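Starting off, we have a lone chain in the form predicted alone, written out as structure tokens.
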């Protein structure tokens, strides 16, 4: 029986209904969060130092080699990284999701470890491993082969080295998308292909690959965007090698004397390129989409590997050597060695590096305090904001909900360092002078974390039918109360996962923080970057290990909190 719910349902029984005020307040906060810094970016991109409107910034950008070279380098770097990630992660995702390879769960956990490792920390770890002179791998190579002291096997300070390191910490995006897509692919389609005489290759080419192709394309796009917008790894590896990417070039334009007009103009090509790529992906997937139709589907078909089972394990763990085992080993070695570039032994083992970080390094306590305050505040406010905005868009609760959805996802197209520039230009002048406070960092972290949080919450909302909300409103609840007491408890798992994701993203964020910090608002990521410039790799290793322990602890705690929960009960409001 179908019950028609009248639009004239009373919105409240007692007193004034604050629902619209609160919902529109969240919408206004979102508009200010995104539009204000981006407006200042566009304004400065077309401004001259004297204050007039000009196109000279773009003329310089596309005519001087000091700007053209970083543009080309960034494009080649992002393309190379995307291709490498797809070549490595797609087969690995298939092995984990669709074969009887041993240790598949362990492999997924190790990929998660590489995912939560900050790329700039991975770059520093590979400095310890593959610096031409002091790298542990190059030292071992010279000892084993008797090569001259100036010879080396790997040089991490090169374009190839930078591409390799970025790919190490970007391929998990592709892996997760491909593995999840294959997990959801029913095995009866492949069984039908085999029954009709299709070979294993024909089945893969006509069934499995087409079903996984949207995930591969999405992963390639994510990898491209990640490589294009990263700041930490290029700043650590590219600048010593003598070349710039666009993010490091924008950062250099804010060194003395600052050139905010050129920095803003340099940010727009990255934004435009990202928008074009997103549109191209939509057109490709819209033209040829794949969906599974029907009722209950069978479980995914597991492909037996036979004698190749353990070689497949060795292949996966060989890949994981690069983002997990070798870098973590290098950080641990440096943290407990008197000299970071020497292999740890009984003679040079020490706890002094830990003592130095906590008792002699004056900036440590403040950096930890700032990081935790910002992490908790950003995760809490970001999850609440994403929850309300995704409710407004999926339930179409306010006019202009499509605009809100666009604004919530727009920051994904903006490099963190560019957003930092926009926030710097927005909040260093009246009426909102926030520079030098934690508030401006909170705004930056909220903005950067919003797209991922919004996408997760929107996906969760779409899985919940609105009939429970409708029933609660029939009983007299407002939209806001129905959201708080009916829908939000049903979304408990997604809310916790989103909180965890935002917290982890906040404590590892460097790109925006490097533009907005002061001596009193320094966070752990900025402290690590500063220590790298001074060459204190032992202290960096201690801080990096602590950051990883905190990250894994938060993830483990979130997984425990996701277990349990009681039923939602409707009551008369």
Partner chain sequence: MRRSKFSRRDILKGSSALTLGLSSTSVLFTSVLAAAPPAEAVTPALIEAAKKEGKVVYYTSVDLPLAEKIAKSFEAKYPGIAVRVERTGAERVFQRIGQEYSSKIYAVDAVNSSDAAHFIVWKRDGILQPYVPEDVAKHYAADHKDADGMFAAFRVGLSIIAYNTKLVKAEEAPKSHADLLDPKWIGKLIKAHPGYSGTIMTATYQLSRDLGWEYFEKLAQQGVMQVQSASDPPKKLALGERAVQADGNEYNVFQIKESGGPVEPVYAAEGTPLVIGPNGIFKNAPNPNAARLFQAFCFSPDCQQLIVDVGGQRSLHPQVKEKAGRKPLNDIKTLKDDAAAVEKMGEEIRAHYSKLFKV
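Numbering follows the first chain given and starts at 1. Quick caveat: nothing in here was measured; it's all calculated off a predicted structure.
We do not show the form predicted in complex with its partner chain, though everything after this point is about it.
Only one of 511-519, 24-32, 37-45, 51-59 lies within 4.5 Å of its partner chain in the predicted bound form by heavy atoms, and it is 511-519. The shortest heavy atom separation between residue 532 and its partner chain in the predicted bound form is within 4.5 Å.
When contacts are judged by a 4.5 Å heavy atom cut-off, residue 524 does not count as touching its partner chain in the predicted bound form.
Taking the partner from elsewhere, residue 145 is found to have every heavy atom lying beyond 4.5 Å of its partner chain in the predicted bound form. In the predicted bound form, no heavy atom of residue 507 sits within 4.5 Å of its partner chain. Among 461, 499, 251, 224, the residue placing a heavy atom within 4.5 Å of its partner chain in the predicted bound form is 251. A single residue from the set 239, 103, 211, 403 has any heavy atom within 4.5 angstroms of its partner chain in the predicted bound form; that residue is 239. With respect to its partner chain in the predicted bound form, the three residues 175, 183 and 354 uniformly fall beyond 4.5 angstroms at the level of their nearest heavy atom. Within 4.5 angstroms of its partner chain in the predicted bound form, the stretch 318-351 places a non-hydrogen atom from each of 339, 340, 341, taken in sequence order.
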